[in-house]
Structures are given as structure tokens and as C-alpha cells.
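Let's start with one chain on its own, the form predicted on its own, as C-alpha cells.
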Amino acid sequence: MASPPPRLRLTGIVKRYASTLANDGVNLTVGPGEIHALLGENGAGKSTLVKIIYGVARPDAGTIEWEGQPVTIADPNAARRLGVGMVFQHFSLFESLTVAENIALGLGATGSIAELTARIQDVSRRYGLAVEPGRHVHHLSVGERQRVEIVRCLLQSPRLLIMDEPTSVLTPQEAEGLFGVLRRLSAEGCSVLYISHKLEEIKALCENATVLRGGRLAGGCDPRVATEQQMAEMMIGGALPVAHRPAPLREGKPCLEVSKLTMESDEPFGTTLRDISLQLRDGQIIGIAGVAGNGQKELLGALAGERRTPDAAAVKVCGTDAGHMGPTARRKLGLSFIPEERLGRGAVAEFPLTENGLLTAYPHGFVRAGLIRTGAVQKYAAGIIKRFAVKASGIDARGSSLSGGNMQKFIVGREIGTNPRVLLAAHPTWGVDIGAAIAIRQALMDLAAAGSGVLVVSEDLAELFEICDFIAVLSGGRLSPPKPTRQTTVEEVGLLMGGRMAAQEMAHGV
């Protein structure tokens, strides 16, 4: 009996954007029921390739075969009709609509919202991906939005599921649950094309891997046999850099103090912060872990000045009561902020990198007598590009022209470049490749070693354990006491993220 043809075969795919050759003769084959990894650095051509498969982009050359037959995928509707579903790294959701309304648009659903809501709740329960169909998207955290995208995709019963960094903001327990879902889909015959920079996930989940580098095919491997280091070196084309934590210059003074902070959320489905206390010292890195939607957005807003606190003394920056200050005033005290949303909050897609650099750095000598010091701004942007190896056509490249990981590197560089006394970093390495993640972590550790305090909010526990001196967990709007990293475990932190702290409080009548 003849074996079935591949679910998907790409041959000689070429895609050019102006002077950039994003894909250069790429081949890819994915079999029925196969979980196949697509690996590469940021800017290697992965996103372009999957956009071609999903009909968002058209190849300039090459062929696409679906189950042995040549096809032209004109748009995402054509892809969905074939049976291709995709969860994008950058979400395609309308902020002003509810979860159910967004999913209805994505599915082209013709039934009632009530019927769709019931289907969403069924899929959500079955796969352990908690979403609330009636919530508006603009109230959701990044992690919650990702769950919406995954649920929307699963409702399509896809035959090929493309997943771009699906676990970036999931806890280890949630990620393992998602792996169970993908393995079950694979057993049922659904193919999975899986993009992730977390190589331990690739080894645990995937049976084949295709590696891109510089838009070209760099090779392939069996992730179950290859080591993480071997895969990383295939991606970067050389030896993997290693991050080292330098010794701090001195025992630091408090640079950020939070005292019994309690704040009601200003959003209908938001999380109320309850009695949060924290002290960050110069030279320290404190990590805050937690499942998305447990108050991270509210806490960072209160610390960054996007929301004023009821008590001015509830937040102190470098010894100054800052609770009633806005973001600019707090930045003048020495605070910088890397937000979780790259485009929209961290950068403006249509602005060139020079202007994106100026957005938050302008109080640091880049404006004089109301006039922008153009030469200084250009030099600053060029310095960020060079230091963080940002792949861009130059300082005038628009934010929208950069890959997600390269935009993240630019934002991180912009915030670190002002030499802040306090740096708030939300998911600093979300969606960046392993080389860039190492560079960003090294920059955070170097900043702390130079005497700054760094507060990192992340759901990447490996990252927190690698760079942090202390780890706390935010759950249900409450913050656990920071614990020395060496005195806790990934399992213990994961359990606190999953709600054990709330269960303990209930047991003790808190």
C-alpha cells in the first residue's frame, strides 16, 4: 500500500521585500500527523514562510503542494478552506470587540453569538485554555489574547496547525497541557508546524526540524536526537554565546519601594491589587512570575505611572514618593519601562527607528530649547542597532519593517541606553531567538551589576531562575514574599502561579 503524500510540500520558495530577500529557495515538507519544528533566528525568514502558507503573502517563485496536489493559496480564506489554521505571534484581534465577536469574525461564523459562546466554552474546557467569551479584547493581557487565538484556531478543526511562539506567556503547567493537546491532534492526523525559540520544547514535542538562516535553508535534524546546543548553533551558524552574571559593584540602597499597595482595577474584568509590598535595591534583579491576567498589567501600570496610586507613598522611586506622578515624572527620577506590547505601547509601527528611540529617551538630553537634537538622536539609534545587533535597513527603517524579535531588541536597547536607576521589564525576551535572548539577559545583568535595580515580570521561569536574585509570584492580585532564587524550585514557583498561594490563604482564613 502506497504511503500518503505529504500534507504540505514547499519547493524553491522565494519572497523578496524591496531590497530584502526574506526567503531564498526554501524547501519544507510536513507529513500527515507530524509535529514539525521551524527554527531560526529573528529575521531568518520563518514568519514570511508561514505567511505564504497561510495566504497572507504570495511567493515570488516556487511551488506549494497540498496533499500531493499543486495549489495557489490566494488569501487566508483559501488557506482555511484547505484546512490550514494559524496562531500568529502578533495577534490579529479587534480591541473594541469581545472575545466571542473576534472569534466570529475569524471563523466567518453564521450562527448566533450565544451558540458560538457555547462552542468556545466547550473548547476552552476541553483543552484547558481559560477564556471569557464576553470580555472585550482591550481588557486582556498578552497571555489571555494568546489563548483567544489558540481557541479560535482549534474551533476550525484544522488539518495543519501553524503555531508561532504559542507558549511565550504560558506557565510550565499550561505549556505541558498545550503539548498534550498538540499530541492528541497529531494522533488524530492533524499536522503541526511549530515555531519556538524554546529548544527544550522542540526536543520534547517535535519529531523533525527545519532550520532557516538568513532566509535560506540551513539544514534539518531530529530534535529528539540533536542537542539544544547543536540546534542553536545551526540557527546562528557558529558557537553559542554564554551569558555571565557580573558581580555587583556595591550593596545597594532601595531604588523602588512598594508599600501595601491596594488598587481597584479600572477595567470590568481586571484584577484588583491587594496589599502588595516589595523592595528593590540597587544592583538587584527581582523576578515576578505569574499566569497572565493575575495583576501583572495593573502592577506594571501602577509602577510605571500609567495609573496613579491612591497613596503617593505607596510607590517610591529612588526615595521619592511617586504614587501621584505620571510616567514622565517617574522617568526623570530614573525609571525606565519595557512594556509587554511591542507595537502600540513600546513602539510606533509607522515611525522610523530614530523617532522610536526618541519616544522615551527625549528627557535625557535629546531635546534642547524645544528643538530635537537630530544628530544626537541618530547617533543614539545607531548605537542601539549596533550594540543589540538589530537587523534593520538603517536608522530610518520603520518599526513595521522589523521582525518582532528585532523590534524587541531595539526597545530593550532604548530603555537600557538611558542608564536608568530602575528598570521595569515585562517579558523582555518574549518571542526572540536564543542568541537575542542571551544578549538581552546579559544586558539586564550588566545593568544590575553597574548598580541599577531591575524588576522583571515574566512567565519564562528558566529566564527568571537564570538572571534573578529573588523570585516572587503574583496570583489573584497578591504578591508572594520574594524568595532567594537558590532557595526555591521551578516546581514550587509553578504551583504558586497555578493558585496554591490563594489556596493557602483561604486555608488560613486570609
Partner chain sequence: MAYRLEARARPAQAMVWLSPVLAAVLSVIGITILFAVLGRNPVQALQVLFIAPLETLDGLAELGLKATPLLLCAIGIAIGCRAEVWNIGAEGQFTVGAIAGGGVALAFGGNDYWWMQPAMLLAGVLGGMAWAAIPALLKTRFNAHEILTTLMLTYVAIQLLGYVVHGPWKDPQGYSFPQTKQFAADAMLPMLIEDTRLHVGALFALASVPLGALLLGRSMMGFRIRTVGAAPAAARYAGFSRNGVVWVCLPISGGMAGLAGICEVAGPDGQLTPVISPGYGFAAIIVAFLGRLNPFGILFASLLMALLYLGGEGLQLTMQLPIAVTGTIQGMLLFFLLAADVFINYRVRKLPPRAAAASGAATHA
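Numbering follows the first chain given and starts at 1. Quick caveat, the model's predicted, so the values are computed rather than measured. For the two forms, the rigid core is made up of the largest set of C-alpha atoms that agree within 1.5 Å on superposition.
Below, we refer to the form predicted in complex with its partner chain, which is not included among the displayed structures.
- Comparing 310 to 318, 326 to 334, 429 to 437, 272 to 280 against its partner chain in the predicted bound form, the single stretch with non-hydrogen atoms within 4.5 angstroms of it is 326 to 334.
- The listed set Ala130, Val71, Val348, Ala382 contains one residue whose heavy atoms approach its partner chain in the predicted bound form to within 4.5 Å, identified as Val348.
- Only one of Leu105, Ala376, Ala118, Leu359 lies close to its partner chain in the predicted bound form, with a heavy atom inside 4.5 Å, and it is Leu359.
- Looking at its partner chain in the predicted bound form, residues Gly344, Glu355 and Leu371 each place a heavy atom within 4.5 Å of it.
- Among heavy atoms of Glu298, none comes within 4.5 Å of its partner chain in the predicted bound form.
- Not displayed here, its partner chain is approached by Arg414 to within 4.5 Å at the level of heavy atoms in the predicted bound form.
- Although the partner is absent here, Glu306 lies within 4.5 Å of its partner chain in the predicted bound form, judged by heavy atoms.
- Among heavy atoms of Pro76, none comes within 4.5 Å of its partner chain in the predicted bound form.
- When the rigid core is held fixed, the Cα atom of Glu466 travels less than 2 angstroms between the shown form and the other one.
- After superposing the rigid core, the Cα of Lys483 is displaced by less than 2 Å between the shown form and the other one.
- Positional change of Ala61 between the shown form and the other one reaches 2 Å or more at the C-alpha, relative to the superposed core.
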